[in-house]
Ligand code: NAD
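Encoded as structure tokens, the following chain is the form predicted alone, with no partner shown.
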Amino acid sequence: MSTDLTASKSSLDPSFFSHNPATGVEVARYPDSTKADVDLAVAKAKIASHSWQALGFRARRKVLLKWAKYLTDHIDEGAWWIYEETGKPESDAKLEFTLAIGHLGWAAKNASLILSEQRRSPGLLMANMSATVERLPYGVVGVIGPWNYPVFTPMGSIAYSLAAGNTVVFKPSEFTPGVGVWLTESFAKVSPLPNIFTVVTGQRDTGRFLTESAVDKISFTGSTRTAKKVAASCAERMTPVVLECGGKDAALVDHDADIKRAAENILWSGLSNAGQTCIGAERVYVHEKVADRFIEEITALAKQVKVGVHYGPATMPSQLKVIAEHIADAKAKGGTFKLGGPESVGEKYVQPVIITNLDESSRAIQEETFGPTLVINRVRDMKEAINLANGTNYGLGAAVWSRRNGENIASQLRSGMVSINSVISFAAVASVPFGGVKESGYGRIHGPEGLLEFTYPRSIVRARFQMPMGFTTFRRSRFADRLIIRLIKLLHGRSIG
């Protein structure tokens, strides 16, 4: 892989560097953007937004599909950047990349269908009017991305914003700036216009500068704690926000579940990407009739997982402390360790940890761990499982395993997304919305809702002809008043049985 980018950035000052968390080797240096840098990028994007919007759906579709083709042709290169800055296995990096391309293609192809002008009925009282609703892009969308899925997650905002007619200023995580730079450079190769999708690299202050800038909307992915600061900052300017925050997702396993398949999939959900998945399983509630069999099965599978092969290191070193604290708290509260324990947390990697019979007040149940740990508790029935699954401040995703009762169980979960007899499958389906409730955030990316999220509605009502008598005038007659009341009584005065 060429290192020209590294060389070109290394002399910039002030700057910061990204590194490979698996090897500790520096990847590249990037400018630590100042407030002036961010404001300039937003100003350029605002000017460019008029031309991008003027292209229309068809022309933007061509550009975005051309970009999707470029990314498809350069999957190896893009995946290399993901690996270098996150340390995740090459296979996982390529999977992330391909899912992101799928969302880009869907947004490009469906924007005109979802966002086209709609005609609405004006109603009998306003029968002389034509009523339409059009969807307009906000202008400039600021996207603040995470480090755990540095392409897939921000693409849910970037692709849908661009398809809707916005320009985008992207602030990637300070742990994965190279991924963000590479993405914007790839777009520039196919874009007919400059400053449509640009990047500002930097550390935490750069993200704050973006929320305080003249952007027209912010889409943030990260911790709930930081999301609250982002929302507060945006509130100063009444800037609308999309917040995709943390999760403490539960998997529910009923007595009629396919135990082997459930164990295999839940283990992957909880441990893949070193547990650094906001929609990954962290809690498992298993019907007591099958709990012993499930625990035996998933523990046996977990023992076969090879750290450094099946998943990589902790990308953010400070997360190791959180994982260690949760494990220690679980031990103090009497949890049974079926696999691993406090010794599982190393300098870079965390070995798989499976804990059973843990008190629900434990931090490993109530707080996001973001590590390769699973807490498995027995329940008397699915009613108890549902109550426990709903018993945290989070509400992002969930998984249900049952041959007959899946939909009934799913309907009672307080979460934005649920997969039945699968795990995190909703993330790969471009036509459904992605997002959570409670402290997992608000707003949606992906699907029609994702396109609508990055536009605002404008209502247009036009008089097709003038009525014989006017209602919106100081010359309105008493006859007109009586006519209005008579029409309302005719339309709404009858009782409904």
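All residue numbers refer to positions in the sequence shown, first residue = 1. Model, not experiment: these values are computed from the prediction.
Only in words, not in the display: the form predicted together with nicotinamide-adenine-dinucleotide (NAD), which the text now covers.
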Residue-level contact is defined here as any heavy atom of the residue lying within 4.5 Å of nicotinamide-adenine-dinucleotide (NAD) in the predicted bound form; does Thr226 satisfy this criterion? yes
Consider Pro352 of the chain shown here, and say whether it contacts nicotinamide-adenine-dinucleotide (NAD) in the predicted bound form, taking contact as heavy atoms within 4.5 Å. no
Check whether Ile424 has any heavy atom within 4.5 Å of a heavy atom of nicotinamide-adenine-dinucleotide (NAD) in the predicted bound form, and answer yes or no. no
Is there a non-hydrogen atom of Pro146 within 4.5 angstroms of a non-hydrogen atom of nicotinamide-adenine-dinucleotide (NAD) in the predicted bound form? yes
Work out which of Val230, Ile295, Ile409, Leu71 lies within 4.5 Å of nicotinamide-adenine-dinucleotide (NAD) in the predicted bound form, going by heavy atoms. Val230
Which pick from Gln366, Ser112, Gln203, Ser130 sits with a heavy atom within 4.5 Å of nicotinamide-adenine-dinucleotide (NAD) in the predicted bound form? Gln203
Only one of 244-252, 320-328, 301-309, 122-130 gets a heavy atom within 4.5 Å of nicotinamide-adenine-dinucleotide (NAD) in the predicted bound form; which is it? 244-252
Are all three of Ser173, Thr221 and Leu396 close to nicotinamide-adenine-dinucleotide (NAD) in the predicted bound form, meaning a heavy atom of each within 4.5 Å? yes
Heavy atoms within 4.5 Å of nicotinamide-adenine-dinucleotide (NAD) in the predicted bound form is the criterion; list the residues of 421-445 that meet it. Phe434
